[in-house]
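One chain comes next, on its own, written as structure tokens: the form predicted on its own.
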Amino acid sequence: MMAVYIDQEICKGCEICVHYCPKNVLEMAADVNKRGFNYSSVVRPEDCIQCKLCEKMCPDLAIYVEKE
């Protein structure tokens, strides 16, 4: 199983990771971070295929994918 970590305080809510995830592992949270942005949230970690597109595409380096 994969572990996808999102630094919610760095995330600016651009939704790039959500768009590029082929398995819909990520969604935007309804909550906001301290900067006032909705952030990405891991909603289906069991569906992650370790493609790391979310990690590679994140312009703010707010996502890290690792093997558990």
Partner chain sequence: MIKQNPQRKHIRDDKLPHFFCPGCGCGQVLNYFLRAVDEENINLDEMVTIGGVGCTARIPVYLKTDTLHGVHGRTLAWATGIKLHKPEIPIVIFAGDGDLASIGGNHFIHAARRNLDVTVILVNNLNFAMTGGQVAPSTPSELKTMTAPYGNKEPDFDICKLAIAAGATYVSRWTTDRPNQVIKGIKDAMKHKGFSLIEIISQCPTHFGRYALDSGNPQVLLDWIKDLTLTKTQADKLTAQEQKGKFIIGEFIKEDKPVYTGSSVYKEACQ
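Small disclaimer: the values here were computed from a predicted structure and weren't measured. Residue numbers count along the first chain shown, from 1.
This next part talks about the form predicted together with its partner chain, which is not shown.
In the predicted complex, at least one heavy atom of residue 60 sits within 4.5 Å of its partner chain. In the predicted complex, its partner chain stays beyond 4.5 Å of every heavy atom belonging to residue 47. Though the partner is left out of this view, residue 56 does reach within 4.5 Å of its partner chain in the predicted complex, counting heavy atoms only. Under a 4.5 angstroms non-hydrogen atom cutoff, its partner chain in the predicted complex has residue 19 among its neighbouring residues. In the predicted complex, 12, 14, 16, 19, 20, 35, 37 are the residues of 11-46 with at least one heavy atom within 4.5 Å of its partner chain, listed from first to last.
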